[in-house]
Structures are given as structure tokens and as C-alpha cells.
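In C-alpha cells, one chain follows: the form predicted on its own.
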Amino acid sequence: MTPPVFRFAPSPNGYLHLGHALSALLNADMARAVGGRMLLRIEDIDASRCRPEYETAIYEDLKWLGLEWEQPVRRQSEHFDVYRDALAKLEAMGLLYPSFESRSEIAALVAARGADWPRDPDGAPLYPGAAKALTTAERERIIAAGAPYALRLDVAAAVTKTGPLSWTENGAAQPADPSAWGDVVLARKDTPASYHLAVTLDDAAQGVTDVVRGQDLFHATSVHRVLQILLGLPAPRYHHHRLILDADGRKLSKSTRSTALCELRAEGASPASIRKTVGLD
């Protein structure tokens, strides 16, 4: 039997904090417990926010925690062709369409529809625009004029192809509800893939069998399952762990210096104390 494959996949857009430490350590612990492999992936697809110094800090923090991972490290920025190929497949199925409204225009459309307009599990309003109704000629004309756009998945049409979906969460079947997200963005004119598309393709490319990540991504798994079925990708097992929260009960942010691993290390924290702080010992 091939060993299970786990991964930790941070973005180099800030310094790692205690929440990242919990996820990285939990992945390593679970991999070790079952004789599995541990991979590292650098999710650097957002060139406007990612910085080389943050990527260097990721390696330093993880090594300080005592973690090891296989080489080479996969970096999203080196695999844009994979994302483009997947988008082409979805487009050939008739499941993608461009939308042209700006964020402020979408906010105005939502406001016009009233406070009861549905929102996705992250709290953002579902896409309310009419871009899906544009003809091919109209879309091509707008794109040719240089307008910015987002490529959206026609979720209703996608679900008619996939049928009911579920995933395995801690050994039990968990029903998926991709319609709760509306027509999600899979790419933009200046960004080759959204998180949803990139993470789904990256996990498949790396042979990840067990996705261990924060509870804040639990509902996003519904979108990932749709993409896995449409693109013929394997379905990993999932474990969504608890989050480390700040004093106000909010998820930690990379801008919160008091919880950054590099700051805690400079103040004299040890890897053992970090494990205890995040509740692993």
C-alpha cells in the first residue's frame, strides 16, 4: 500500500502565526502516526501580496518547530499552465463565463436587492449580476476592449453534471452544498486561478490523500468536490481542525504581530512551548 500523503500549504504574504503552527504540526503529527509522507506547498499565486522574505521566513519557522518535508517544494507560481488547462476543460464543458462588474458595482447591485440577498458561507453576497446571460459575441467584444473580468463557474450547470456530492470528514460522509457559494470565481484576467481552483489541482498533482486544514475552510470543500468530479481528480480525505482565536474570538491574522512565530521566537519561546500553546501537548 502507498503511504498516506499530507501537506502544509501556506501563502508567503505575511509571517506565520500560531494558527499556522497548529496546522503544520498537526499535519506532521498525523503523517507520522500513520507512516505517511509530509509535503510543503508554497501558495504564491497572488504576486501582488507574496514576498520572497515571507517565503524564507516560512522555511525558518517550520525548521525551528522541528518539521521536515519532502523536496522539492511545490510553488504555485511555477504551474500556471496546469491552471490554464483546467480552465480550458471547464470552458469546453460550457461551465465558465466571464463577469465584468467591479467589486463596487457588485456591492451596489446587492444593495439594490435588499438585506435579504443570500450570502455565501464566508459572508460575501452571492454574485447578483447578469453576465451569464450575455451572448458569446458580447463577451468577446467586452474582453477585446480590455475590460477586467472574473471567470465564474456556473454552479447550477455544474451540479447537473456531478449530481449530489459528499466528502469524507474524519471517516464519515459529509454532504456537500456547492450551491451555497453561487457562481464562484475560478480566475481573473490578471490572476490565473483562484484559491478554489489552485488548491484542488495542486492537491491532485501532489497526490495528497489527507487534507488537514482549518475549520474556516470546511464549507469551501463543497466547491473543491465539484471541481474534482468535473476534472476527473481523486478525492482526498478531509480533517478540518479547530482554529486558534484572538482575545476577541476572531481568527488570527498575519498582521497580528503578537502571535507571529518569529516574534514569539525572538521573545524566547521554544518549539515545545508553541506546541503547548496551540494545545498539542
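Everything numeric here is computed off the predicted structure, so don't read it as measured data. One-based numbering along the sequence shown.
Below: the form predicted together with a small molecule, not depicted.
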> Which one of L25, L264, A9, L18 is close to the small molecule in the predicted bound form, taking close to mean a heavy atom within 4.5 Å?
Replying inline: A9
>> Looking at W167, Y83, Y149, Y195 here, can you tell me which has any non-hydrogen atom within 4.5 angstroms of the small molecule in the predicted bound form?
In response: Y195
> in the predicted bound form, which of 31 to 39, 209 to 217, 226 to 234, 63 to 71 comes within 4.5 Å of the small molecule (heavy atoms)?
Replying inline: 209 to 217
> Given that the partner is absent here, does E55 sit within 4.5 Å of the small molecule in the predicted bound form, heavy atoms only?
Replying inline: no
> Is L186 close to the small molecule in the predicted bound form, meaning a heavy atom pair under 4.5 Å apart or at it?
Replying inline: no
> With the partner left out of view, is L153 within 4.5 angstroms of the small molecule in the predicted bound form by any non-hydrogen atom?
Replying inline: no
